[in-house]
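Heads up, the chain shows up twice below as structure tokens, two forms, tagged structure 1 and structure 2.
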Structure 1
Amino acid sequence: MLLLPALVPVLVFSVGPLVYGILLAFTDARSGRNAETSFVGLENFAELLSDGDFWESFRIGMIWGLSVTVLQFLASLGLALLLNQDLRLRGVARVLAVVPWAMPPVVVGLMWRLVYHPDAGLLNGLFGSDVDWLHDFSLALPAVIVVGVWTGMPQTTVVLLAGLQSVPRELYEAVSVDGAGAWRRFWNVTLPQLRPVVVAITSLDFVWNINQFSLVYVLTQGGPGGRTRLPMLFAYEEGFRYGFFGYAATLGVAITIVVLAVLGLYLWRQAREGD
């Protein structure tokens, strides 16, 4: 009886829309007001598999998702290790490290457009180059990945730092007695202790990154020539520019399946190695 208030919001605001969304993936729903919707079974999925644009977007999404997650993790781990030590400037760094978190993604996107701007931008000024970073076919994706790392570092750093601080001191003392150096301390004590936190945050980061939309929409709108068209931008175009609701939902389902597969494999391997 008392569980009722708990289940109603979950059902209405979470289960309902998602189940409806998944069902739409098996229909030919269109955005037209009076468009008839009928059940088409797996037709959308068959179309998706033979859609070159989808595979290109999917490939870009995987490159983006994996590289941002890995770079974010490495950069954040380094920063968290530094912040966990008794260094000057630590206070400044801690404040700076959460600022990107507090910024609206749209502002982050606009800000980096200023940095990358071919004429008034900072980068070309610094390097004396004349590059249109966000419109260059081979540079656009790396440029966008850098922004992804920048914007996602705070969460990861904060979580890793909290993890570092919960490693029991006695463990370090024990290996110090053994005469272990800093590197071996890190490798034999810190990393194993941090493992659950690392697995949790990298999994979350991967999910967040693969579903990223606003940042890249503001930076490039998926351009140039689709070189930064992440799956969510592709789905947005299909759904809300061309009005293929059913097909866009299919895309959503396909991405979910891939994400679950990648996560499943990752978590399974981590669990096995953890034993």
Structure 2
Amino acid sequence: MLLLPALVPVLVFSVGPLVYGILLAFTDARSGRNAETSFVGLENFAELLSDGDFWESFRIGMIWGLSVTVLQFLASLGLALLLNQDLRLRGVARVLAVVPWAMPPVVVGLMWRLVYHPDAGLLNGLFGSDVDWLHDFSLALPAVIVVGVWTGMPQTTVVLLAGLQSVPRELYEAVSVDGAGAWRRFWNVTLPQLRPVVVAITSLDFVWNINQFSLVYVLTQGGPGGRTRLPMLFAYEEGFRYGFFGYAATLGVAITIVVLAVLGLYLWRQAREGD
């Protein structure tokens, strides 16, 4: 009863839309005045399986999600190890490391559009080039991945830093007595102690990254030629540009199932290795 006031908003704003979206996936709902909606069963899912645009979007989304998650973790781990040292102005450095996380995705997207600008961009100014990073068919996706890593790195760094600070100092002292160097201390003590934290934060990062929308939409709107059209962008176009709400809901349900399957496999393997 005490939790009920907190549970009501969750039910209204999270569970309610989720259930409605699942139900919508089994209809032919579309935009338009006086448009009739009827139950179509699994027709939307059958159409989805034969939709080449969806599979291309799914492929791009998996490349994006896995690349950003892995690079984000590696960069964050290095930064967390650095911030865990007794450095001068360590507190200021920790605050500055969180700044990208505090910025709204739209602001981050606009800022990086200026960085990537072909004529007046900071990146081309540094390299003395005139590359159109966000409109080049081969460079657009890597450029967007870099922004994704930069944006999500602070939150992962904070979590990993908290994990590092919870490692007992006695373990480092014990292996140091045995003559272990910095690499052996990291490999035999730090990584095993961080394992639960790593599994948790990489799982969350993958879910957040695969569902990314606003950042990529501001940067490229899915272009050029669909090279950065993530699954959520594809669902947005189907629903709000073309008005196929039922089909867009089907895309959302399908992506949710795939993400849960990949995440479940990953957690299962981690659990087996831990045992």
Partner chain sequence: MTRALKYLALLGYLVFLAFPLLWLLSTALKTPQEMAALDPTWIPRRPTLANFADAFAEQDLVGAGLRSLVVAVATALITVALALPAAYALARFRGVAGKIAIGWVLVSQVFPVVLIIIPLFMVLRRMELVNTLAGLTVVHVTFVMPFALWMLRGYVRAVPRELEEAAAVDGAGRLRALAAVVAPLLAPGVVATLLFSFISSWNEFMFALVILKDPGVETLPLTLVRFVGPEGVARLGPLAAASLLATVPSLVFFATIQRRLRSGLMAGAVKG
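Please note that residue numbering is based on structure 1, beginning with 1 at the start of its sequence. Rigid core: the largest C-alpha set superposing within 1.5 Å between the two forms. Quick caveat, the model's predicted, so the values are computed rather than measured.
In this pair, the copy labelled structure 1 belongs to the form predicted in complex with the partner chain. Core-superposed comparison between the two structures: the C-alpha position of residue 12 differs by no less than 2 Å.
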